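Given next are two forms of a protein chain, the same chain in both, each as C-alpha coordinates and marked structure 1 or structure 2.
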Structure 1
(Lines of atoms letter the chains of each structure in order from A and count residues from 1; the text may use other names and numbers.)
(Lines give C-alpha, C1' and ligand atoms only; values in the text may rest on other atoms or scores of the structure.)
Protein backbone atom coordinates (compact mmCIF):
# COMPACT_ATOMS: atom_id res chain seq x y z
CA UNK A 1 0.00 0.00 0.00
CA UNK A 2 1.43 3.37 -1.04
CA UNK A 3 1.65 6.54 1.05
CA UNK A 4 -1.15 8.18 -0.93
CA UNK A 5 -3.46 5.24 -0.29
CA UNK A 6 -2.69 5.52 3.41
CA UNK A 7 -3.68 9.18 3.35
CA UNK A 8 -6.89 8.34 1.49
CA UNK A 9 -7.75 5.79 4.17
CA UNK A 10 -6.83 8.31 6.86
CA UNK A 11 -9.23 10.88 5.48
CA UNK A 12 -11.96 8.27 5.11
CA UNK A 13 -11.63 6.90 8.64
CA UNK A 14 -11.10 10.42 10.01
CA UNK A 15 -14.32 11.70 8.42
CA UNK A 16 -16.24 8.77 9.89
CA UNK A 17 -14.80 9.44 13.35
CA UNK A 18 -15.51 13.16 12.92
CA UNK A 19 -19.20 12.59 12.18
CA UNK A 20 -19.55 10.33 15.21
CA UNK A 21 -17.71 12.87 17.35
CA UNK A 22 -19.92 15.69 16.11
CA UNK A 23 -23.00 13.68 17.04
CA UNK A 24 -21.58 13.17 20.54
CA UNK A 25 -20.71 16.84 20.85
CA UNK A 26 -24.16 18.10 19.84
CA UNK A 27 -25.90 16.01 22.48
CA UNK A 28 -23.31 17.14 25.02
CA UNK A 29 -23.79 20.78 24.15
CA UNK A 30 -27.57 20.55 24.17
CA UNK A 31 -28.14 18.35 27.19
CA UNK A 32 -24.92 17.92 29.15
CA UNK A 33 -25.12 14.14 28.64
CA UNK A 34 -22.97 11.80 26.59
CA UNK A 35 -25.21 9.76 24.35
CA UNK A 36 -23.29 6.47 24.32
CA UNK A 37 -25.91 5.12 21.94
CA UNK A 38 -24.38 7.07 19.01
CA UNK A 39 -22.33 4.05 17.89
CA UNK A 40 -25.30 1.62 17.89
CA UNK A 41 -27.44 4.21 16.10
CA UNK A 42 -24.84 4.47 13.31
CA UNK A 43 -24.70 0.68 13.18
CA UNK A 44 -28.49 0.30 13.06
CA UNK A 45 -28.89 2.71 10.13
CA UNK A 46 -26.33 0.79 8.09
CA UNK A 47 -27.48 -2.66 9.18
CA UNK A 48 -31.16 -1.90 8.55
CA UNK A 49 -30.43 -0.61 5.02
CA UNK A 50 -28.15 -3.55 4.18
CA UNK A 51 -30.63 -6.07 5.62
CA UNK A 52 -33.49 -4.66 3.55
CA UNK A 53 -31.41 -4.74 0.37
CA UNK A 54 -29.63 -8.07 0.90
CA UNK A 55 -32.23 -10.12 2.78
CA UNK A 56 -35.49 -8.55 1.59
CA UNK A 57 -34.49 -7.49 -1.95
CA UNK A 58 -35.71 -3.97 -1.31
CA UNK A 59 -34.66 -1.04 -3.48
CA UNK A 60 -31.59 0.92 -2.35
CA UNK A 61 -32.98 4.40 -1.69
CA UNK A 62 -36.08 3.33 0.27
CA UNK A 63 -33.80 1.09 2.33
CA UNK A 64 -31.45 3.96 3.10
CA UNK A 65 -34.42 6.16 4.00
CA UNK A 66 -35.78 3.41 6.27
CA UNK A 67 -32.40 3.19 8.05
CA UNK A 68 -32.34 6.94 8.68
CA UNK A 69 -36.00 7.05 9.73
CA UNK A 70 -35.52 4.19 12.18
CA UNK A 71 -32.57 5.96 13.77
CA UNK A 72 -34.51 9.23 14.08
CA UNK A 73 -37.38 7.43 15.80
CA UNK A 74 -34.96 5.67 18.14
CA UNK A 75 -33.20 8.96 18.95
CA UNK A 76 -36.49 10.58 19.90
CA UNK A 77 -37.46 7.55 22.00
CA UNK A 78 -34.11 7.62 23.82
CA UNK A 79 -34.63 11.23 24.87
CA UNK A 80 -38.39 11.26 25.44
CA UNK A 81 -38.84 7.73 26.72
CA UNK A 82 -35.66 7.09 28.70
CA UNK A 83 -33.35 10.01 29.47
CA UNK A 84 -35.98 12.64 30.26
CA UNK A 85 -38.23 10.57 32.55
CA UNK A 86 -35.25 9.24 34.49
CA UNK A 87 -33.56 12.63 34.89
CA UNK A 88 -36.84 14.12 36.07
CA UNK A 89 -37.18 11.50 38.81
CA UNK A 90 -33.74 11.66 40.35
CA UNK A 91 -31.23 14.30 41.33
CA UNK A 92 -28.37 11.86 40.74
CA UNK A 93 -26.60 11.78 37.41
CA UNK A 94 -25.67 8.11 37.73
CA UNK A 95 -29.05 6.58 36.77
CA UNK A 96 -28.99 8.56 33.52
CA UNK A 97 -25.48 7.35 32.69
CA UNK A 98 -26.48 3.77 33.43
CA UNK A 99 -29.70 4.11 31.43
CA UNK A 100 -27.78 5.33 28.38
CA UNK A 101 -25.35 2.42 28.76
CA UNK A 102 -28.37 0.11 28.93
CA UNK A 103 -29.77 1.70 25.77
CA UNK A 104 -26.42 1.03 24.08
CA UNK A 105 -26.68 -2.69 24.83
CA UNK A 106 -30.41 -2.85 24.10
CA UNK A 107 -29.89 -1.32 20.66
CA UNK A 108 -26.98 -3.62 19.82
CA UNK A 109 -28.69 -6.78 20.94
CA UNK A 110 -32.04 -5.69 19.51
CA UNK A 111 -30.38 -5.13 16.13
CA UNK A 112 -28.88 -8.61 16.40
CA UNK A 113 -32.31 -10.12 17.04
CA UNK A 114 -34.11 -8.17 14.29
CA UNK A 115 -31.47 -8.03 11.55
CA UNK A 116 -29.47 -11.14 12.39
CA UNK A 117 -26.06 -11.62 13.94
CA UNK A 118 -24.09 -11.99 10.71
CA UNK A 119 -22.18 -9.06 9.28
CA UNK A 120 -23.54 -7.62 6.04
CA UNK A 121 -21.80 -5.58 3.33
CA UNK A 122 -22.46 -1.86 3.31
CA UNK A 123 -24.45 -0.43 0.41
CA UNK A 124 -22.70 1.42 -2.41
CA UNK A 125 -24.72 4.58 -2.96
CA UNK A 126 -22.66 6.01 -5.84
CA UNK A 127 -21.52 3.68 -8.60
CA UNK A 128 -19.23 5.69 -10.87
CA UNK A 129 -15.71 4.48 -11.65
CA UNK A 130 -13.06 4.93 -8.94
CA UNK A 131 -10.81 7.97 -9.28
CA UNK A 132 -7.11 7.25 -9.72
CA UNK A 133 -4.62 9.43 -7.83
CA UNK A 134 -1.04 8.44 -8.76
CA UNK A 135 -0.84 4.74 -7.97
CA UNK A 136 -3.81 4.91 -5.59
CA UNK A 137 -7.53 4.54 -6.04
CA UNK A 138 -10.25 6.64 -4.44
CA UNK A 139 -13.58 4.84 -4.34
CA UNK A 140 -16.91 6.61 -4.89
CA UNK A 141 -17.94 5.70 -1.34
CA UNK A 142 -14.88 7.56 0.00
CA UNK A 143 -15.66 10.67 -2.00
CA UNK A 144 -19.26 10.62 -0.82
CA UNK A 145 -18.22 10.21 2.82
CA UNK A 146 -15.73 13.08 2.67
CA UNK A 147 -18.08 15.46 0.87
CA UNK A 148 -20.97 14.63 3.19
CA UNK A 149 -18.79 15.15 6.24
CA UNK A 150 -17.66 18.58 5.08
CA UNK A 151 -21.21 19.61 4.18
CA UNK A 152 -22.50 18.30 7.52
CA UNK A 153 -19.92 20.33 9.46
CA UNK A 154 -20.65 23.50 7.49
CA UNK A 155 -24.39 23.06 8.01
CA UNK A 156 -24.09 22.31 11.73
CA UNK A 157 -21.70 25.21 12.32
CA UNK A 158 -24.07 27.51 10.43
CA UNK A 159 -27.02 26.20 12.40
CA UNK A 160 -25.38 26.58 15.80
CA UNK A 161 -23.87 30.02 15.13
CA UNK A 162 -26.44 31.71 12.96
CA UNK A 163 -29.89 30.38 13.79
CA UNK A 164 -31.98 31.05 16.93
CA UNK A 165 -32.50 27.31 17.53
CA UNK A 166 -28.74 26.69 17.30
CA UNK A 167 -28.01 29.44 19.81
CA UNK A 168 -30.71 27.99 22.05
CA UNK A 169 -28.85 24.69 21.94
CA UNK A 170 -25.76 26.29 23.45
CA UNK A 171 -27.76 28.35 25.94
CA UNK A 172 -29.68 25.35 27.24
CA UNK A 173 -26.57 23.17 27.36
CA UNK A 174 -24.61 25.79 29.28
CA UNK A 175 -27.18 26.17 32.03
CA UNK A 176 -30.40 24.17 31.75
CA UNK A 177 -31.79 25.46 35.06
CA UNK A 178 -31.36 29.10 34.08
CA UNK A 179 -32.78 28.32 30.64
CA UNK A 180 -35.85 26.84 32.32
CA UNK A 181 -36.28 29.82 34.61
CA UNK A 182 -36.27 32.34 31.76
CA UNK A 183 -38.73 30.23 29.79
CA UNK A 184 -36.55 28.82 27.03
CA UNK A 185 -37.98 25.71 25.34
CA UNK A 186 -35.57 23.29 27.00
CA UNK A 187 -37.55 20.19 26.08
CA UNK A 188 -37.67 21.06 22.39
CA UNK A 189 -33.97 21.88 22.34
CA UNK A 190 -33.06 18.56 23.94
CA UNK A 191 -35.13 16.59 21.43
CA UNK A 192 -33.59 18.58 18.58
CA UNK A 193 -30.09 17.79 19.85
CA UNK A 194 -30.87 14.07 19.98
CA UNK A 195 -32.49 14.11 16.53
CA UNK A 196 -29.67 16.00 14.79
CA UNK A 197 -27.12 13.75 16.48
CA UNK A 198 -29.10 10.69 15.37
CA UNK A 199 -29.14 12.00 11.80
CA UNK A 200 -25.36 12.49 11.85
CA UNK A 201 -24.83 9.02 13.31
CA UNK A 202 -27.06 7.49 10.64
CA UNK A 203 -25.12 9.24 7.88
CA UNK A 204 -21.82 8.13 9.39
CA UNK A 205 -22.94 4.50 9.56
CA UNK A 206 -24.46 4.40 6.08
CA UNK A 207 -21.47 6.04 4.41
CA UNK A 208 -18.74 4.13 6.25
CA UNK A 209 -20.35 0.69 5.99
CA UNK A 210 -19.21 0.13 2.36
CA UNK A 211 -15.61 0.20 3.65
CA UNK A 212 -15.99 -1.76 6.86
CA UNK A 213 -19.15 -3.87 6.50
CA UNK A 214 -21.60 -3.74 9.36
CA UNK A 215 -22.67 -6.13 12.11
CA UNK A 216 -24.63 -5.74 15.33
CA UNK A 217 -21.44 -5.88 17.40
CA UNK A 218 -19.95 -2.73 15.83
CA UNK A 219 -22.02 -0.45 18.03
CA UNK A 220 -19.72 -0.41 21.05
CA UNK A 221 -16.55 0.03 18.98
CA UNK A 222 -18.05 2.96 17.13
CA UNK A 223 -19.28 4.51 20.38
CA UNK A 224 -15.77 4.37 21.82
CA UNK A 225 -14.39 5.93 18.60
CA UNK A 226 -16.83 8.84 18.76
CA UNK A 227 -16.19 9.37 22.46
CA UNK A 228 -12.42 9.48 21.86
CA UNK A 229 -12.90 12.17 19.24
CA UNK A 230 -14.58 14.37 21.84
CA UNK A 231 -11.86 13.55 24.36
CA UNK A 232 -9.10 14.66 21.98
CA UNK A 233 -10.94 17.55 20.37
CA UNK A 234 -12.60 18.90 23.45
CA UNK A 235 -16.06 20.40 23.68
CA UNK A 236 -15.11 24.00 22.94
CA UNK A 237 -16.03 24.39 19.27
CA UNK A 238 -18.15 22.56 16.73
CA UNK A 239 -15.33 21.95 14.27
CA UNK A 240 -13.04 20.37 16.89
CA UNK A 241 -14.36 16.85 16.09
CA UNK A 242 -13.27 17.24 12.46
CA UNK A 243 -9.64 17.94 13.38
CA UNK A 244 -9.65 15.38 16.19
CA UNK A 245 -11.30 12.79 13.92
CA UNK A 246 -8.66 13.27 11.24
CA UNK A 247 -5.90 13.10 13.84
CA UNK A 248 -7.32 9.87 15.24
CA UNK A 249 -7.78 8.54 11.71
CA UNK A 250 -4.11 9.20 11.04
CA UNK A 251 -3.09 7.32 14.19
CA UNK A 252 -5.46 4.49 13.30
CA UNK A 253 -4.03 4.04 9.81
CA UNK A 254 -0.34 4.95 9.99
CA UNK A 255 0.69 3.52 13.36
CA UNK A 256 -0.44 -0.08 12.68
CA UNK A 257 1.21 0.15 9.24
CA UNK A 258 4.61 1.18 10.58
CA UNK A 259 4.49 -0.33 14.07
CA UNK A 260 1.91 -2.75 15.47
CA UNK A 261 -1.86 -3.07 15.59
CA UNK A 262 -1.96 -1.99 19.24
CA UNK A 263 0.23 1.10 18.89
CA UNK A 264 -2.72 3.48 18.34
CA UNK A 265 -4.21 2.37 21.67
CA UNK A 266 -1.00 3.16 23.53
CA UNK A 267 -0.45 6.45 21.75
CA UNK A 268 -4.04 7.51 22.43
CA UNK A 269 -3.63 6.83 26.14
CA UNK A 270 -0.38 8.80 26.30
CA UNK A 271 -1.94 11.62 24.27
CA UNK A 272 -4.97 11.75 26.55
CA UNK A 273 -2.80 11.83 29.68
CA UNK A 274 -0.74 14.61 28.09
CA UNK A 275 -3.84 16.55 27.10
CA UNK A 276 -5.40 16.18 30.52
CA UNK A 277 -2.22 17.29 32.23
CA UNK A 278 -1.45 20.29 30.03
CA UNK A 279 -4.55 21.08 27.97
CA UNK A 280 -7.62 19.52 29.60
CA UNK A 281 -10.01 21.58 27.47
CA UNK A 282 -8.93 19.52 24.42
CA UNK A 283 -7.33 20.81 21.24
CA UNK A 284 -9.79 23.63 20.98
CA UNK A 285 -11.25 25.74 23.71
CA UNK A 286 -13.95 28.36 23.74
CA UNK A 287 -12.42 31.84 23.86
CA UNK A 288 -14.42 34.44 25.73
CA UNK A 289 -13.67 38.14 25.29
CA UNK A 290 -13.17 39.99 28.54
Structure 2
Protein backbone atom coordinates (compact mmCIF):
# COMPACT_ATOMS: atom_id res chain seq x y z
CA UNK A 1 0.00 0.00 0.00
CA UNK A 2 1.48 3.35 -1.06
CA UNK A 3 1.42 6.66 0.79
CA UNK A 4 -1.37 8.04 -1.41
CA UNK A 5 -3.57 5.04 -0.65
CA UNK A 6 -2.93 5.56 3.06
CA UNK A 7 -4.11 9.16 2.79
CA UNK A 8 -7.20 8.07 0.85
CA UNK A 9 -8.04 5.66 3.67
CA UNK A 10 -7.32 8.39 6.22
CA UNK A 11 -9.83 10.73 4.62
CA UNK A 12 -12.40 7.94 4.37
CA UNK A 13 -12.10 6.88 8.02
CA UNK A 14 -11.80 10.52 9.12
CA UNK A 15 -15.05 11.45 7.39
CA UNK A 16 -16.84 8.55 9.06
CA UNK A 17 -15.54 9.61 12.48
CA UNK A 18 -16.48 13.24 11.70
CA UNK A 19 -20.11 12.37 10.95
CA UNK A 20 -20.38 10.42 14.20
CA UNK A 21 -18.78 13.31 16.08
CA UNK A 22 -21.12 15.83 14.47
CA UNK A 23 -24.09 13.75 15.62
CA UNK A 24 -22.70 13.78 19.17
CA UNK A 25 -22.12 17.53 19.01
CA UNK A 26 -25.63 18.41 17.84
CA UNK A 27 -27.26 16.53 20.71
CA UNK A 28 -24.84 18.19 23.11
CA UNK A 29 -25.61 21.66 21.75
CA UNK A 30 -29.37 21.09 21.82
CA UNK A 31 -29.76 19.25 25.13
CA UNK A 32 -26.51 19.39 27.09
CA UNK A 33 -26.35 15.57 27.10
CA UNK A 34 -24.17 13.07 25.25
CA UNK A 35 -26.15 10.54 23.22
CA UNK A 36 -23.97 7.44 23.59
CA UNK A 37 -26.43 5.54 21.40
CA UNK A 38 -25.02 7.24 18.27
CA UNK A 39 -22.77 4.26 17.48
CA UNK A 40 -25.54 1.64 17.75
CA UNK A 41 -27.86 3.86 15.70
CA UNK A 42 -25.26 4.00 12.89
CA UNK A 43 -24.83 0.24 13.16
CA UNK A 44 -28.59 -0.44 13.07
CA UNK A 45 -29.13 1.63 9.91
CA UNK A 46 -26.44 -0.28 8.04
CA UNK A 47 -27.32 -3.68 9.52
CA UNK A 48 -31.04 -3.27 8.78
CA UNK A 49 -30.38 -2.33 5.15
CA UNK A 50 -27.88 -5.18 4.62
CA UNK A 51 -30.17 -7.69 6.34
CA UNK A 52 -33.11 -6.75 4.10
CA UNK A 53 -31.01 -7.00 0.92
CA UNK A 54 -28.99 -10.11 1.80
CA UNK A 55 -31.44 -12.13 3.89
CA UNK A 56 -34.80 -10.97 2.47
CA UNK A 57 -33.84 -10.21 -1.16
CA UNK A 58 -35.32 -6.71 -0.84
CA UNK A 59 -34.47 -3.91 -3.27
CA UNK A 60 -31.56 -1.65 -2.31
CA UNK A 61 -33.17 1.79 -2.02
CA UNK A 62 -36.24 0.71 0.00
CA UNK A 63 -33.85 -1.15 2.30
CA UNK A 64 -31.72 1.96 2.78
CA UNK A 65 -34.85 4.01 3.47
CA UNK A 66 -36.02 1.40 5.99
CA UNK A 67 -32.69 1.61 7.83
CA UNK A 68 -32.89 5.40 8.05
CA UNK A 69 -36.56 5.34 9.10
CA UNK A 70 -35.86 2.78 11.84
CA UNK A 71 -33.06 4.95 13.23
CA UNK A 72 -35.25 8.07 13.23
CA UNK A 73 -37.96 6.22 15.14
CA UNK A 74 -35.42 4.92 17.66
CA UNK A 75 -33.93 8.42 18.07
CA UNK A 76 -37.35 9.86 18.89
CA UNK A 77 -38.07 7.01 21.32
CA UNK A 78 -34.75 7.57 23.11
CA UNK A 79 -35.51 11.26 23.66
CA UNK A 80 -39.24 10.99 24.40
CA UNK A 81 -39.22 7.67 26.25
CA UNK A 82 -35.88 7.69 28.08
CA UNK A 83 -34.15 11.06 28.29
CA UNK A 84 -37.14 13.37 28.75
CA UNK A 85 -38.81 11.51 31.65
CA UNK A 86 -35.51 11.42 33.54
CA UNK A 87 -34.68 15.07 32.77
CA UNK A 88 -38.11 16.11 34.04
CA UNK A 89 -37.38 14.56 37.44
CA UNK A 90 -33.83 15.78 38.01
CA UNK A 91 -31.47 18.51 36.86
CA UNK A 92 -28.43 16.23 37.23
CA UNK A 93 -26.95 14.77 34.05
CA UNK A 94 -25.61 11.53 35.57
CA UNK A 95 -28.96 9.64 35.55
CA UNK A 96 -29.41 10.57 31.88
CA UNK A 97 -25.88 9.39 31.03
CA UNK A 98 -26.48 6.07 32.79
CA UNK A 99 -29.81 5.58 31.04
CA UNK A 100 -28.37 6.32 27.58
CA UNK A 101 -25.47 3.95 28.29
CA UNK A 102 -28.04 1.26 29.08
CA UNK A 103 -29.84 2.09 25.82
CA UNK A 104 -26.55 1.62 23.96
CA UNK A 105 -26.21 -1.99 25.10
CA UNK A 106 -29.95 -2.66 24.68
CA UNK A 107 -29.81 -1.50 21.05
CA UNK A 108 -26.77 -3.67 20.33
CA UNK A 109 -28.30 -6.79 21.82
CA UNK A 110 -31.67 -6.05 20.22
CA UNK A 111 -30.01 -5.70 16.81
CA UNK A 112 -28.30 -9.05 17.36
CA UNK A 113 -31.65 -10.70 18.13
CA UNK A 114 -33.54 -9.13 15.21
CA UNK A 115 -30.88 -9.11 12.46
CA UNK A 116 -28.66 -11.97 13.63
CA UNK A 117 -25.20 -12.04 15.18
CA UNK A 118 -23.25 -12.64 12.00
CA UNK A 119 -21.57 -9.73 10.25
CA UNK A 120 -23.01 -8.74 6.88
CA UNK A 121 -21.42 -6.87 3.95
CA UNK A 122 -22.29 -3.21 3.57
CA UNK A 123 -24.34 -2.19 0.54
CA UNK A 124 -22.77 -0.37 -2.39
CA UNK A 125 -25.07 2.61 -2.97
CA UNK A 126 -23.39 3.90 -6.14
CA UNK A 127 -21.59 1.77 -8.73
CA UNK A 128 -19.16 3.27 -11.21
CA UNK A 129 -15.55 2.71 -12.15
CA UNK A 130 -13.03 3.51 -9.39
CA UNK A 131 -10.93 6.65 -9.84
CA UNK A 132 -7.19 6.05 -10.21
CA UNK A 133 -4.82 8.50 -8.49
CA UNK A 134 -1.24 7.55 -9.32
CA UNK A 135 -0.84 3.98 -8.13
CA UNK A 136 -3.85 4.27 -5.82
CA UNK A 137 -7.54 3.60 -6.32
CA UNK A 138 -10.45 5.61 -4.92
CA UNK A 139 -13.61 3.51 -4.71
CA UNK A 140 -17.10 4.91 -5.41
CA UNK A 141 -18.08 4.29 -1.77
CA UNK A 142 -15.17 6.47 -0.63
CA UNK A 143 -16.13 9.31 -2.95
CA UNK A 144 -19.75 9.14 -1.81
CA UNK A 145 -18.75 9.18 1.87
CA UNK A 146 -16.42 12.17 1.47
CA UNK A 147 -18.88 14.22 -0.61
CA UNK A 148 -21.77 13.44 1.75
CA UNK A 149 -19.69 14.40 4.77
CA UNK A 150 -18.75 17.79 3.33
CA UNK A 151 -22.32 18.49 2.25
CA UNK A 152 -23.62 17.44 5.68
CA UNK A 153 -21.26 19.83 7.47
CA UNK A 154 -22.15 22.75 5.19
CA UNK A 155 -25.89 22.09 5.62
CA UNK A 156 -25.64 21.76 9.40
CA UNK A 157 -23.61 24.98 9.68
CA UNK A 158 -26.12 26.79 7.50
CA UNK A 159 -28.99 25.41 9.55
CA UNK A 160 -27.48 26.32 12.92
CA UNK A 161 -26.34 29.82 11.91
CA UNK A 162 -29.01 30.98 9.48
CA UNK A 163 -32.33 29.39 10.35
CA UNK A 164 -34.65 30.15 13.32
CA UNK A 165 -34.74 26.49 14.37
CA UNK A 166 -30.93 26.31 14.30
CA UNK A 167 -30.59 29.44 16.44
CA UNK A 168 -33.16 27.96 18.83
CA UNK A 169 -30.97 24.86 19.13
CA UNK A 170 -28.04 26.95 20.33
CA UNK A 171 -30.19 29.12 22.59
CA UNK A 172 -31.80 26.15 24.34
CA UNK A 173 -28.48 24.32 24.64
CA UNK A 174 -26.75 27.34 26.18
CA UNK A 175 -29.33 27.79 28.93
CA UNK A 176 -32.34 25.43 28.97
CA UNK A 177 -33.75 26.89 32.20
CA UNK A 178 -33.79 30.43 30.77
CA UNK A 179 -35.24 29.06 27.53
CA UNK A 180 -38.12 27.51 29.50
CA UNK A 181 -38.75 30.73 31.42
CA UNK A 182 -39.05 32.87 28.28
CA UNK A 183 -41.26 30.30 26.57
CA UNK A 184 -38.97 28.84 23.91
CA UNK A 185 -40.09 25.44 22.55
CA UNK A 186 -37.51 23.43 24.48
CA UNK A 187 -39.22 20.07 23.97
CA UNK A 188 -39.41 20.50 20.20
CA UNK A 189 -35.78 21.58 20.02
CA UNK A 190 -34.64 18.52 21.98
CA UNK A 191 -36.52 16.13 19.67
CA UNK A 192 -35.13 17.93 16.63
CA UNK A 193 -31.58 17.57 17.95
CA UNK A 194 -32.02 13.83 18.46
CA UNK A 195 -33.63 13.36 15.02
CA UNK A 196 -30.97 15.29 13.10
CA UNK A 197 -28.23 13.44 15.01
CA UNK A 198 -29.96 10.14 14.22
CA UNK A 199 -30.04 11.03 10.52
CA UNK A 200 -26.31 11.81 10.56
CA UNK A 201 -25.57 8.56 12.39
CA UNK A 202 -27.64 6.59 9.87
CA UNK A 203 -25.78 8.18 6.94
CA UNK A 204 -22.45 7.45 8.60
CA UNK A 205 -23.31 3.78 9.11
CA UNK A 206 -24.75 3.25 5.63
CA UNK A 207 -21.84 4.96 3.84
CA UNK A 208 -19.03 3.36 5.88
CA UNK A 209 -20.44 -0.18 5.96
CA UNK A 210 -19.20 -1.03 2.40
CA UNK A 211 -15.64 -0.59 3.71
CA UNK A 212 -15.94 -2.26 7.11
CA UNK A 213 -18.94 -4.58 6.93
CA UNK A 214 -21.43 -4.36 9.76
CA UNK A 215 -22.41 -6.49 12.73
CA UNK A 216 -24.35 -5.97 15.95
CA UNK A 217 -21.12 -5.62 17.96
CA UNK A 218 -19.89 -2.52 16.05
CA UNK A 219 -22.09 -0.12 17.99
CA UNK A 220 -19.80 0.30 21.00
CA UNK A 221 -16.68 0.79 18.87
CA UNK A 222 -18.40 3.44 16.76
CA UNK A 223 -19.72 5.22 19.87
CA UNK A 224 -16.19 5.41 21.30
CA UNK A 225 -14.92 6.82 18.00
CA UNK A 226 -17.59 9.53 17.86
CA UNK A 227 -17.10 10.46 21.52
CA UNK A 228 -13.32 10.72 21.07
CA UNK A 229 -13.89 13.10 18.17
CA UNK A 230 -15.82 15.43 20.49
CA UNK A 231 -13.21 15.06 23.26
CA UNK A 232 -10.39 16.01 20.88
CA UNK A 233 -12.24 18.58 18.79
CA UNK A 234 -14.25 20.22 21.53
CA UNK A 235 -17.68 21.82 21.23
CA UNK A 236 -16.66 25.34 20.19
CA UNK A 237 -17.50 25.10 16.48
CA UNK A 238 -19.39 22.84 14.10
CA UNK A 239 -16.17 22.30 12.11
CA UNK A 240 -14.44 20.76 15.15
CA UNK A 241 -15.64 17.18 14.50
CA UNK A 242 -14.32 17.32 10.93
CA UNK A 243 -10.83 18.41 12.04
CA UNK A 244 -10.73 15.94 14.93
CA UNK A 245 -12.17 13.14 12.80
CA UNK A 246 -9.45 13.53 10.18
CA UNK A 247 -6.79 13.65 12.91
CA UNK A 248 -8.06 10.46 14.52
CA UNK A 249 -8.46 8.86 11.09
CA UNK A 250 -4.80 9.57 10.38
CA UNK A 251 -3.78 7.85 13.62
CA UNK A 252 -6.10 4.94 12.88
CA UNK A 253 -4.52 4.33 9.46
CA UNK A 254 -0.85 5.27 9.79
CA UNK A 255 -0.05 3.81 13.22
CA UNK A 256 -0.85 0.18 12.30
CA UNK A 257 1.07 0.63 9.03
CA UNK A 258 4.30 1.77 10.69
CA UNK A 259 3.99 0.04 14.07
CA UNK A 260 1.48 -2.68 15.04
CA UNK A 261 -2.26 -3.27 14.78
CA UNK A 262 -2.79 -2.61 18.50
CA UNK A 263 -0.86 0.69 18.55
CA UNK A 264 -3.90 2.94 17.77
CA UNK A 265 -5.72 1.61 20.84
CA UNK A 266 -2.91 2.67 23.19
CA UNK A 267 -2.27 5.98 21.45
CA UNK A 268 -5.96 6.95 21.40
CA UNK A 269 -6.27 6.08 25.09
CA UNK A 270 -3.28 8.26 25.96
CA UNK A 271 -4.61 11.02 23.70
CA UNK A 272 -8.02 10.97 25.38
CA UNK A 273 -6.48 11.01 28.87
CA UNK A 274 -4.23 13.89 27.82
CA UNK A 275 -7.17 15.98 26.63
CA UNK A 276 -9.20 15.18 29.75
CA UNK A 277 -6.28 16.23 31.96
CA UNK A 278 -4.77 19.21 30.13
CA UNK A 279 -7.31 20.51 27.61
CA UNK A 280 -10.82 19.32 28.54
CA UNK A 281 -12.39 21.93 26.24
CA UNK A 282 -10.78 20.22 23.20
CA UNK A 283 -8.97 21.89 20.31
CA UNK A 284 -11.79 24.36 19.62
CA UNK A 285 -13.29 26.04 22.66
CA UNK A 286 -16.38 28.22 22.59
CA UNK A 287 -15.64 31.94 22.40
CA UNK A 288 -17.30 34.12 25.02
CA UNK A 289 -17.71 37.81 24.25
CA UNK A 290 -16.61 40.15 27.02
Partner chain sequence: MATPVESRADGGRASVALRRRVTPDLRSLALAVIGSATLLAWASQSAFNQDLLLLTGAYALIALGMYVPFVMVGKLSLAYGAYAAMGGYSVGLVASRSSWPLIVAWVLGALVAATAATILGLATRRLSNWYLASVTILFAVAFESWLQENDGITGGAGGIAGIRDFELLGWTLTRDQSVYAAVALVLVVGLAIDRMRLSAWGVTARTVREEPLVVETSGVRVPTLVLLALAFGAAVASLGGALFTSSVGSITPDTFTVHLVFLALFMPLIGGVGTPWGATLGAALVVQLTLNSSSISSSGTLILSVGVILMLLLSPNGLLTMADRLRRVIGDLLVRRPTR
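Rigid core: the largest C-alpha set superposing within 1.5 Å between the two forms. Residue numbers count along the first chain shown, from 1. Bear in mind the structure is a predicted one, so any value in this text is a computation, not a measurement.
So which is the form predicted alone here, 1 or 2? The form predicted alone is the one given as structure 2; the other form is structure 1.
On a rigid core superposition, would residue 262 pass a 2 Å threshold for CA movement between structures 1 and 2? True for residue 262: a C-alpha shift of 2 Å or more.
If the core is used for the superposition, what shift in Å does the C-alpha of residue 273 show between structures 1 and 2? A shift of 4.5 Å at the C-alpha.
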